[in-house]
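First structure 1, then structure 2: two forms of the same chain, each alone, as structure tokens.
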Structure 1
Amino acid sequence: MKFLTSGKVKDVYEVDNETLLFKFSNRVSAYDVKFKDEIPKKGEVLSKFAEFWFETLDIPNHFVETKSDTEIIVKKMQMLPIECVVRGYFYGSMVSRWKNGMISLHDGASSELAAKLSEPIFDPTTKSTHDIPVNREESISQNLVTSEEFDWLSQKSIEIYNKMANISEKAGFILADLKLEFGKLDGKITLGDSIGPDEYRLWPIDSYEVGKIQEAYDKQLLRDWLTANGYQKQFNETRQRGEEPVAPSIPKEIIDKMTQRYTTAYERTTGKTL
């Protein structure tokens, strides 16, 4: 196999002219900063979650087969240069963007932290080192997608979010938001990349409370620790100086908790054990 590229979490290899191998690692990143510390079992959870969602969702996707505990084979696709984000709850970057007038809520939607939106919002971004939110007009004018493609992606992404939210709810979780990626395979838009706790926020229903920071069963746990300890602010200030931020060491208790929560999220959602 030929090594092609190494991303924040997975390494990509070319198997042949039609397929790729995704090898999921235990690496972790947050706020576009890569950390030296790793999260045990994370790669296995991401790989098996990808297999589960691709096989569960009733939509054409590029998944072929599982190769090992941390590897899957997928079909090659021409990826669309847009990340399809669906938000079901008022949380994360959406809060500051709403305060700055950069995004609107549906009529009747609550602006209280972590409140459920009256209906899911399609909130896509560009695909770059630092993803930039784009609306329908910007997506089309920047030639990311056509108007027909944008409308299809919006509708399909929300459909997928709703189905995943229902499955998550049965497992005792709230799916707060979701990031999907699509590409073209044989001329048809097809679901691609991977789907797991690095692509969504997952909250346990039994501890959910509007108006507070939620208990995270995803990498939001690391983001919250960084924010609480001033690192997010440091990262932003460092970038404003034209420099690249340096990741701090992650405390062992955060690492252990992330491993436990990633594992619990997988086992409760799928009914399978690692």
Structure 2
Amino acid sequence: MKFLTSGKVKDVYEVDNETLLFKFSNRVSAYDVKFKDEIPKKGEVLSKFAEFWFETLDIPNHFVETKSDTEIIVKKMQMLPIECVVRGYFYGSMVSRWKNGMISLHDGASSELAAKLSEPIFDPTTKSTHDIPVNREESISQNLVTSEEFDWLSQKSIEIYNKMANISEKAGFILADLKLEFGKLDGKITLGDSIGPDEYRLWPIDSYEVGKIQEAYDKQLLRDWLTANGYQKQFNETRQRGEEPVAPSIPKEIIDKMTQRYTTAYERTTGKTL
């Protein structure tokens, strides 16, 4: 099996001309810093989440089979050069773009941080290292996709978001936003990549409050610990000096609690046990 690439979390191998293997690791990063410690079970949760969503969403996708607790096999595709982002809440990079007049909200929609949008919006980006937002005109003029493809992707992505948001809500979570990738398989647009907590923001409904920063359920413990111990500040200062921050080691109790969170998110959302 030929190794192809290694992302923040998964490693991709070529099985043969038609198929790829995704291996999900236990790697973790926060504030753009990669940690040496791993989160046990994280890779298993991401792999099983991918399997669950590909089987649950009623849309053609590249999933073939689960190979092991942390590996899935998918059909190799020609990926479309666009990341299909759907936003259901006013949050993340959308906020500064709205402040700079680069994006508008529907009439009557609240511009309070983390407010629910009056309806989910399709807000795609390029697939370059720095994901640059592109609107319909730009996507077409930059030859990323055709106008027909853009409209199909927009409609399907929002449809998928709505379905996933419903399932997440029943499990006690708000699906704030989502990133999907599509490719072409035998000339047909097909859902690809992976779908799990690394592709979306999950907020517990219980602690949701408009106007506040909402912490992602899976990363919150680590970010809180880093902030409380001065590491977030230290990372920023190090970067300002033009140096790369060094990751501290994560205390065992934080690691254990994170494993618990990944497991809980999976079990509550899917109704399955790990």
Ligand SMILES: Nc1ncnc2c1ncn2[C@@H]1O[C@H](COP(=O)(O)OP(=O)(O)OP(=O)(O)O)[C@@H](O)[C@H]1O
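A quick note: this is a predicted structure, and the numbers were derived from the prediction, not measured. Heads up, when I say rigid core I mean the largest set of C-alphas that superpose within 1.5 Å between the two forms. Quick note, the numbers are simply positions in structure 1, starting from 1.
Between 1 and 2, where do we have the form predicted together with the named molecule?
Structure 2, which is the form predicted together with the named molecule, differs in this respect from structure 1.
May I ask you to determine if residue 31 and residue 16 are placed in the same rigid part between structure 1 and structure 2?
Not the same part.
Superpose on C-alpha atoms and tell me the smaller rigid part's rotation against the larger one between structure 1 and structure 2, in °.
Smaller part versus larger part, rotated 18 degrees.
Rigid core superposed: how many angstrom does the CA of residue 258 shift between structure 1 and structure 2?
Between its two positions, the C-alpha of residue 258 lies 3.6 Å apart after core fitting.
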